[in-house]
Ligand SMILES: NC(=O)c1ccc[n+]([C@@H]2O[C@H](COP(=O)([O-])OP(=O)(O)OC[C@H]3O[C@@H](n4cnc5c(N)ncnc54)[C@H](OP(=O)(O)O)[C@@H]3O)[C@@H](O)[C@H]2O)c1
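Just one chain follows, in the form predicted on its own, and it is written as structure tokens.
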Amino acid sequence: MEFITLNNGVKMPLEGFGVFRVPDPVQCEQAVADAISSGYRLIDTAAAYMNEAAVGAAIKKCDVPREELFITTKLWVQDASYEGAKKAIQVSLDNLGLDYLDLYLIHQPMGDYIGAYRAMEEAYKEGKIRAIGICNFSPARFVDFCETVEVKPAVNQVELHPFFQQENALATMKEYGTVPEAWAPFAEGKYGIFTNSILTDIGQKYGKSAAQVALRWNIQRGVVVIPKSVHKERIDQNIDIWDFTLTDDEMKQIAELDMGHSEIVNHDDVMFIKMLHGLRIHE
């Protein structure tokens, strides 16, 4: 495993394990346990995934020292305010059974996220969180945010995969010392990513799958990846990407796959915004 150093000096694994859409507690706990046994040390969850407790159960049962794990969770839209975030941070700590979080992110740029971030800054200074950041902030909103807050976000987790590469967003994050992290590094299985001829042909050279090539490509761009699977074989395959390096020519071939837009979600869609505001994760 390789690491990237965040803007506050904290080291973060370049690859982690995501648990989005794994709500079943038994399945989630087993998947996290399998991931940790396979060598993953970064685990990415969120309050809105409704599986923090299952993640915490797996962490408690594993034999890896807490300081070797890097646990991330996220603040939901419902709690996007100063007081809401203060409470939500503690709820997540309690759900996970942890004394501190390694990374805490604003899940969506909605609601009073500036007020929420103030509470996160306080928790960061108190040592409850080792690093703080954001998710789904477009370049313009990201810049406005960075110019407003005191503690520059350590991470911005956004959609990043070969079909939506966001080079402009990556350049903007670099300017502010923010590390990009990819959700949906497999494009949620769209566009035939697992059988794409360019990715497959490159993979054959190294004895790797198209999925492994897609992960390696993002990592070589300095992007943290958090692939998800509930299948032990796939969990093992996804972390087996540290014994090969893509050439400049291969990176350029993959760059040609970029469509320049997302077909997974439109963060400017009015109904999507209303839907997220209406999604309540607690009373």
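One-based numbering along the sequence shown. Every value quoted in this text rests on a predicted model; they were computed, and no experiment measured them.
Only in words, not in the display: the form predicted together with this ligand, which the text now covers.
In the predicted complex, this ligand lies farther than 4.5 Å from every heavy atom of residue 198.
Contact annotation: residue 49 falls within 4.5 Å of this ligand in the predicted complex, judged by heavy atom distances. Mapping the unseen interface onto this chain, residue 229 counts among the residues with a heavy atom inside 4.5 Å of this ligand in the predicted complex. Heavy atoms of residue 38 never reach within 4.5 Å of this ligand in the predicted complex, leaving it off the interface. Contact with this ligand in the predicted complex holds for none of 13, 73 and 223, as no heavy atom of theirs lies within 4.5 Å. Proximity to this ligand in the predicted complex, defined as a heavy atom within 4.5 Å, holds among 137, 163, 186, 117 only for 186. This chain is displayed without this ligand, yet in the predicted complex the stretch 105-113 from 138-146, 200-208, 170-178, 105-113 comes within 4.5 Å of it by heavy atoms. Contacts of stretch 30-47 with this ligand in the predicted complex, defined by any heavy atom lying within 4.5 Å, are made by 44 alone.
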